[in-house]
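Before any questions on binding or motion, here is one chain by itself as structure tokens, the form predicted alone.
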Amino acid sequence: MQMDDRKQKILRAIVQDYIASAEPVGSRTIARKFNLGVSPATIRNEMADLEDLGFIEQPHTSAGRIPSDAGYRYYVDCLMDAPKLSSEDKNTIEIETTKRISEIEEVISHTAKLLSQLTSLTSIVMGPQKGKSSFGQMYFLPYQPGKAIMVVVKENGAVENHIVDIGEYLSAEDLQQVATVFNNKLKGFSLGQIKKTLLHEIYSELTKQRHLLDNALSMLEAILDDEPEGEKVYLGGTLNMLNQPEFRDFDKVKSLFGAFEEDECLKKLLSASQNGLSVIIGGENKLQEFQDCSVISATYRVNGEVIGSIGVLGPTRMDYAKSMGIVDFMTRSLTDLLSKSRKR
């Protein structure tokens, strides 16, 4: 049995109406709403064929039909309009991320909140690995007399903040000089590559700031430690799941929220996105806890290197076009933003 043009239009109508209403769709509803030019009786016959093909199913006797996982997959791959994003959503993403660029880790955590707000789904954002990495940039922020906050941004985008003792006599200009020398001498070097010759050059240029220099180098050694800590996972909008009619079953929600507590489980959920925008639907999920959900995810990069992933999780009855558009735009914006910050 072939998937002809009429069946495609009817399947598309069923998916779109069910996404909007969360109610099983009948032939009369399709005839009334979608103006396909055929009678309800003809639509019923085509729906029977679509059910035989495995694209729709009947949740209970005398009900209308709902899309199956295979039906959603065919819709996403063949029938859905290109992912789109409103100008308003684009502006929101750009404004909300750009104003937080001074703290990359804050940008990434805020991305989770913003993503869940824009999609009304649960968001998952995987940050850069916090362990082995090269030095990217350093700067100091005044804290209190005799102390400053030393901010180190690593090449993979991770940010580390430490309070350092600067002594009584160092000025803001002295702090800036220390940061400038570090940034010029050490950018791109890992801990193992910071040779004694480099340290000798730094000491010769910063004799006045020797006290601060000793403290900064000690902390830098800990920050660039070769033992990886793993990526941090941020969740946003977990309670959005409770607003979905599909998750009113307590046992189902309990299992899902239990999985939210397992970082490794969430990392596996995002692992499919390593080659670009990914859509995993229902039973395609290898993790049993998420087989009633769909996941849309993509990676963000710094200077061409994948450093993290973002995604949204929701019922299989989600607005795929809108959610895919938001995830794709947000990952591209995050990539552009983080890459620009590395060049500063």
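Owing to the predicted nature of the structure, the values given are computational and were not obtained by experimental measurement. Position 1 is the first residue in the sequence shown; the rest follow in order.
One more form of this protein, predicted together with the DNA, exists but is not displayed; see below.
**Student:** By the heavy atom within 4.5 Å rule, which residue out of Ile10, Leu334, Val327, Val25 makes contact with the DNA in the predicted bound form?
**Tutor:** Residue within 4.5 Å of the partner: Val25.
**Student:** With the DNA left out of view, choose which of Ala63, Ala70, Leu287, Val306 has a non-hydrogen atom within 4.5 angstroms of it in the predicted bound form.
**Tutor:** Comparing distances to the DNA in the predicted bound form, the residue within 4.5 Å is Ala63.
**Student:** Please determine whether each residue of Gly258, Ser278 and Gln291 possesses a non-hydrogen atom within 4.5 angstroms of the DNA in the predicted bound form.
**Tutor:** Per the other structure, none of Gly258, Ser278 and Gln291 touch the DNA.
**Student:** Any idea which of 291-299, 55-63, 278-286, 307-315 reaches within 4.5 Å of the DNA in the predicted bound form, heavy atoms considered?
**Tutor:** Of the options given, it is 55-63.
**Student:** Can you tell me whether Lys33 touches the DNA? I mean in the predicted bound form, with a 4.5 angstroms heavy atom cut-off.
**Tutor:** Lys33 lies outside the contact set for the DNA.
**Student:** Do Leu50 and the DNA come within 4.5 Å of each other in the predicted bound form, heavy atoms counted?
**Tutor:** Flag for Leu50 set to no.
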